[in-house]
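The data below hold one chain only, encoded as structure tokens and taken in the form predicted on its own.
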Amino acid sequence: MADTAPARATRPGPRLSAAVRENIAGWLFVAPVVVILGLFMLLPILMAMWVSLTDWNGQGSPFRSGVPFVGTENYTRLFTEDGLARQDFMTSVRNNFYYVAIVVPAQTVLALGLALIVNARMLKGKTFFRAAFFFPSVTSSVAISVVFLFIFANSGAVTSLLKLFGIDGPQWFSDSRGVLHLLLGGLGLVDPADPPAALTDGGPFGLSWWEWLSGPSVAMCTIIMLVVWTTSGTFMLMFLAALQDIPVTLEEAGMLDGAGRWQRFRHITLPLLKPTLFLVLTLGLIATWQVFDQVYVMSQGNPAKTTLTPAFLSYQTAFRSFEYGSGTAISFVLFAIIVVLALVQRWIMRDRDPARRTRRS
């Protein structure tokens, strides 16, 4: 009989733990999204960052060997070098700063007020009012901008209405005067035609203090009114959803304790709206620093560059002056401004109660 070799027992290979298998499965599920975001968001950002370090004029590929590499020159020209580039950029930052300072608080307060109105128990026709307040937000911004051009024209409805009350309205889209200058002149404190030499002789970043303190121009104020009217509806829905999520028992408990309407709003409603308020302020801050379409349709940065914004200046520099490096650098500086202001806003609105932060964590 032939000798039979004893069968060898095969050892099982090492098995992956359940946690490792879950991690691998999770990465497999998110891999398509990571690839898509990397190709269509991260990679273009890196390519644009390279363009901001060059003097590319839009001809050919920006990655060929013949494109001049200028390093941080496109950035330093915006802050340290005297010239038209810094003057235009600082003018756009000044304009956008006043725009943000007015639009964000105004649209937030208006949206919260509208949400409180349509959330009232005794209000009839809530569906109609919600749709009416929200309708401007879903209308094309370009179409509404064109309508406002006709309304605020020299022979438009607003000017005609002011004439009925004996008021000569300004030439809305041709008036470059700053409202703060007009206010100081109206109070007799300063003559706008002959400002004090202390305010005109010097100032930071290539603009005089008189220019920094001009306030939004009359033309910019028309854009501000348009944006506040069209954006408040969206934020109204956010506040309305948060208001309807507040338990009615808290409101009733406040009434039983003798709290008035203002006290209930201040000590019950407003604290519970803080997360939504932070969301609305953050979205408003980001959107207002990126304003472009209204400026493009209504003013093109005019009159006298008083409606010029960094977003429109980036477009104008890149696609009209063919200075793609400078235009891209402006966009990255704008991105940095938005990130810094969003972080500052988050720090200001942080929860200062240590016990409450401990409970949330």
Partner chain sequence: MKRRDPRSLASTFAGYFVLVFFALVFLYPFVIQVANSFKTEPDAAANALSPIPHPFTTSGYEKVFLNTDLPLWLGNSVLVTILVTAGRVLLCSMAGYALARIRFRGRKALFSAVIGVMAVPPVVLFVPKFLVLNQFGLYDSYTALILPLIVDAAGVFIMKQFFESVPVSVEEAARIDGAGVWRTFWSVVLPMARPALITLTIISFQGSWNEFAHTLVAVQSPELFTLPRGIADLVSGSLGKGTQYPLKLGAAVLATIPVAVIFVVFQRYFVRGANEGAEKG
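Residue numbers count along the first chain shown, from 1. Owing to the predicted nature of the structure, the values given are computational and were not obtained by experimental measurement. Here, rigid core means the biggest group of C-alpha atoms that superpose within 1.5 Å across both forms.
Missing here is the form predicted together with the partner chain; even so, the following discussion is about that form.
**Student:** Taking the partner chain in the predicted complex as the reference, which of Ala198, Leu270, Leu187, Val147 has a non-hydrogen atom within 4.5 Å?
**Tutor:** Checking each option against the partner chain in the predicted complex, the one that comes within 4.5 Å is Val147.
**Student:** Out of Ile167, Ala241, Met255, Val138, which one falls within 4.5 Å of the partner chain in the predicted complex, going by heavy atoms?
**Tutor:** Only one listed residue qualifies here, and that residue is Val138.
**Student:** Can you say which of 151-159, 270-278, 68-76, 210-218 gets within 4.5 Å of the partner chain in the predicted complex, counting heavy atoms only?
**Tutor:** That would be 151-159.
**Student:** For the partner chain, considered in the predicted complex: do all three of Asn95, Phe97 and Phe265 come within 4.5 Å of it, counting heavy atoms only?
**Tutor:** No: no residue has a heavy atom within 4.5 Å of the partner.
**Student:** Would you classify Thr80 as touching the partner chain in the predicted complex, given a 4.5 Å non-hydrogen atom cut-off?
**Tutor:** Thr80: no contact with the partner chain in the predicted complex.
**Student:** Just checking whether Ile224 would be counted as a contact of the partner chain in the predicted complex - the rule being heavy atoms within 4.5 angstroms.
**Tutor:** It does not: once the partner chain is placed as it appears in the predicted complex, Ile224 has no heavy atom within 4.5 Å of it.
**Student:** Given that the partner is absent here, does Val104 sit within 4.5 Å of the partner chain in the predicted complex, heavy atoms only?
**Tutor:** Result no; Val104 lies far from the partner chain in the predicted complex.
**Student:** Does Val248 reach the partner chain in the predicted complex, with heavy atoms at most 4.5 Å apart?
**Tutor:** Output for Val248 is no: heavy atoms all beyond 4.5 Å of the partner chain.
**Student:** So which residues in 23-44, when you check the partner chain in the predicted complex, have a heavy atom no farther than 4.5 Å from it?
**Tutor:** Contacts from 23-44: Asn23, Ala25, Gly26, Trp27, Leu28, Phe29, Val30, Pro32, Val33, Val34, Ile36, Leu37, Leu39, Phe40, Met41, Leu43, Pro44.
**Student:** Fitting the rigid core first, would the Cα of Ala25 be found 2 Å or more away between this form and the one not shown?
**Tutor:** Yes: Ala25 shifts by at least 2 Å between this form and the one not shown.
**Student:** Quick check on Val35: with the core superposed, does its CA move 2 angstroms or more between this form and the one not shown?
**Tutor:** Moves: yes, 2 Å or greater.
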